[in-house]
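Next up: just one chain, as structure tokens, the form predicted alone.
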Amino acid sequence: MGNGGIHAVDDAVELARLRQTETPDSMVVRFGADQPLPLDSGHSLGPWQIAYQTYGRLNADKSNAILVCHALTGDQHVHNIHPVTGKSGWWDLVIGPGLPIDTDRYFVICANVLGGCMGTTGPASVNPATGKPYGLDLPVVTIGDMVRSQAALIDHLGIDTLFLVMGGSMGGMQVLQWAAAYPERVFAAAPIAAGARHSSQNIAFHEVGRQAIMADPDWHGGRYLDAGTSPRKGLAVARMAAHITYMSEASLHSKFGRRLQGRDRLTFGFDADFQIESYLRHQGLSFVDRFDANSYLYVTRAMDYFDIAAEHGGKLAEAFRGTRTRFCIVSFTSDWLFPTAESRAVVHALNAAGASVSFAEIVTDRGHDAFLLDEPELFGILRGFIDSAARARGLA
């Protein structure tokens, strides 16, 4: 295939993704200018919309609803074929009939986050004031804003209390924010591979990614959609850098080592000699087909600003004081993005607040992304916690 063919494929995929921005292949709730969403920055957003998927059925008293919160590069397509990539849902190992989140028993909701690019208002959405994509004119959003938008969706669905809120990584941050901001609306919470604030190291990695995007000449100060371009190279580099943090040294060594890619000797050049180089390039290039560059800036910034204790005088326990929510905290031994120490800090704060909390550290060499992989111990822990909470909720 010549270069023209490659660009034709890229353009077709990009158009498919851009169509998801305003008219997603999922359910969407649109809030008018008379229903603005207040933001932590002091701004408000309106009109705005939130895209979501549901699985299973809501019971008569609306007590079996589970909200699944997605991670940085995820979206609402947690248990269905993705409309852009054609791939299966990102948590099909956890959600489905007979699985820990049993869709024969529970009503599962997953929404695209505020600032995203799969149907919820984000920088690629049309700014009603100009008729053009927001770009960087969209106010910066926070994890708190994301959760506030989800609460508006839950209100729209007529659900007072969520049986369970759960998610990993940035999804885990949202779980903790839900539990802190709406304790009376969360019966059980399961944050996985997450922390109550973003570390300096993680902010640093995000800044490298953002600078890679903004240094791409096709970024055009965030106005690339108006210019008919896309900072694909910068976004690909950002994804490559981030993906390294999702794995561990042991998993990288086990999966790739120093093995060469499609050759038996070094080329003494700068092509992808090693398998790990080829793998990262593939991860970067496939990512740009389904994600918006400005959304990457906004969502990483939301993670950077996350610090629950800061809103409570630096005392994390105060964020959960008096909560009746049941918690299950899970970490992984090889996760250096959100190491176990950060999960333990949350556990200690919950203990100090008198909360009901269980904690498990899973031994694995798969790194941060272990929550997305086939980890039987994780599945067993989640099943046990959910079943126990269901009995306490009267759902068993």
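These numbers come from a predicted model, not from an experiment. A residue's number is simply how far along the shown sequence it sits, counting from 1.
Unshown form predicted together with a further copy of the same chain; subsequent notes refer to it.
Of the heavy atoms in residue 130, none are within 4.5 Å of a further copy of the same chain in the predicted bound form. Interface residue remark: residue 142 is counted as part of the site for a further copy of the same chain in the predicted bound form, having a heavy atom within 4.5 Å. Interface membership of residue 102, defined by any non-hydrogen atom within 4.5 Å of a further copy of the same chain in the predicted bound form, is ruled out. Not displayed here, a further copy of the same chain is kept clear of residue 227 by more than 4.5 Å at the level of heavy atoms in the predicted bound form. Heavy atoms within 4.5 Å of a further copy of the same chain in the predicted bound form belong, among the stretches 86-94, 270-278, 321-329, 152-160, to residues of 270-278. With the partner omitted here, the residue from 41, 333, 35, 351 that has a non-hydrogen atom within 4.5 angstroms of a further copy of the same chain in the predicted bound form is 41. This chain lacks the partner; the member of 107, 298, 182, 134 within 4.5 angstroms of a further copy of the same chain in the predicted bound form by a non-hydrogen atom is 298. Taking a further copy of the same chain as positioned in the predicted bound form, the residues of 240-259 that bring a heavy atom within 4.5 Å of it are, in sequence order, 240, 241, 244, 248, 249, 252, 253, 256, 257, 258.
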